[in-house]
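One chain is shown next in structure tokens, namely the form predicted on its own.
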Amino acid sequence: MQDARTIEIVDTTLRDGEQSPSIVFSAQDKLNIATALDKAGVTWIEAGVPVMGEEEQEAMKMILSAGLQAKVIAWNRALKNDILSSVSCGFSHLHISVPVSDLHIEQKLKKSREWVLENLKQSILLAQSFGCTVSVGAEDASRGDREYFLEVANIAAELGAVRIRYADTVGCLNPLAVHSIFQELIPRCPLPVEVHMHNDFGLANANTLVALAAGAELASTTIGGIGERAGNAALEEVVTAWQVVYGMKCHVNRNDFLHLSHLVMQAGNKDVFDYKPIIGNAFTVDNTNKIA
């Protein structure tokens, strides 16, 4: 019998989730959501992007001052101003994201792979000079060269980064492809892998669970699956399936999902679809007994 493996959640409701069409959280909304995520037992909270400006920075400072048990992360590009903005807010956990597909590097940024690696090195060293812990994000990894992903991971590991995020930025993967990719990458990657899936084809949850089953150690999620375009993997669905369907462990309390959903939907002026798994009205009557 397979041992029950434990995974951790990196919740990005406050960063990627806020990119959902028409959702704008106030500073108080963000603090309330972060506090509820912390109470639910989420390990990592990706709180926002300090370089966006003063309003974002004030919200970040409120969260950092709340004394949460969860580790609160600032999202950064591999740019000096991003790092300095995060440090000035008081962050000690920085996520530094770089593109790893040639499509993004050459056509979007008009740069080279070498430029990306050099910027990543300098950004990690700058963050560490302030005593920060760094995680690295590989944007658009699903359309990139796997060997280049591993090159980025190796450099990040040599410089002391704690993990690397594999991002299906445009949501183009399917579960069979994810299984193949992670079966190949996990044994060769020097860092724990966090999986970050978008939901353009309705496969974000399935892709996330397949990656976890293949050895990824962390899942990036949002409450209700909110996020850019069709959204992200949903916190409540990934955790519930991992615990109940797969029989594995994740130290997030499912009893807090309804409260989290209410907070996010109210703040975003949204309603939950009645048949939405776990948090929809069709599932919330005696919910714990039905799914456990």
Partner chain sequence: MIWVDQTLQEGLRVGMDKGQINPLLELLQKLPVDVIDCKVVDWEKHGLPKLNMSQQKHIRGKINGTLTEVALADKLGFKNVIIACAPHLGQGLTSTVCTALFTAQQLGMNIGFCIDNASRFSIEELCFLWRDIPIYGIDSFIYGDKESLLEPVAASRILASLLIKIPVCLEFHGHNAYGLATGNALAALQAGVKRIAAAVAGVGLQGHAAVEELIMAQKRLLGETSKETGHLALICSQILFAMGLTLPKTKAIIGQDIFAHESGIHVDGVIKNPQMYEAFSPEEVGLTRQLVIGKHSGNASIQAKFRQWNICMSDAHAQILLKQVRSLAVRQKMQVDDHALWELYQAIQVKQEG
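In this text, all values refer to a predicted model and were calculated from it rather than measured experimentally. Numbering follows the first chain given and starts at 1.
In what follows, reference is made to the form predicted together with its partner chain, a form of this protein that is not presented.
K.L.:
Since the partner isn't included here, can you check whether its partner chain sits close to all of Val51, Lys108 and Ala230 in the model of the complex (heavy atom within 4.5 Å for each)?
P.N.:
All three within 4.5 Å in the model of the complex.
K.L.:
Does the 4.5 Å heavy atom contact test between Gly202 and its partner chain in the model of the complex come out positive?
P.N.:
It does: once its partner chain is placed as it appears in the model of the complex, Gly202 has a heavy atom within 4.5 Å of it.
K.L.:
I'd like to know if Glu46 sits close to its partner chain in the model of the complex, meaning any non-hydrogen atom pair within 4.5 angstroms.
P.N.:
It does not: once its partner chain is placed as it appears in the model of the complex, Glu46 has no heavy atom within 4.5 Å of it.
K.L.:
Spell out, yes or no, whether the shortest heavy atom distance between Thr169 and its partner chain in the model of the complex is within 4.5 Å.
P.N.:
Answer yes; at least one heavy atom of Thr169 falls within 4.5 Å of its partner chain in the model of the complex.
K.L.:
At 4.5 Å between heavy atoms, is Leu258 in contact with its partner chain in the model of the complex?
P.N.:
Leu258: no, not in contact with its partner chain in the model of the complex.
K.L.:
Which one of these stretches, 118-126, 84-92, 153-161, 169-177, sits within 4.5 Å of its partner chain in the model of the complex when only heavy atoms are counted?
P.N.:
Heavy atoms within 4.5 Å of its partner chain in the model of the complex occur in 169-177.
K.L.:
Answer with one of Val72, Val210, Ala141, Val193: the residue that has a non-hydrogen atom within 4.5 Å of its partner chain in the model of the complex.
P.N.:
Exactly one listed residue reaches within 4.5 Å, namely Val210.
K.L.:
For the stretch 231-268, return the residues whose heavy atoms include at least one within 4.5 Å of its partner chain in the model of the complex, in the order they occur.
P.N.:
Contacting residues: Glu237, Thr240, Ala241, Val244, Val245, Tyr246, Ala267.
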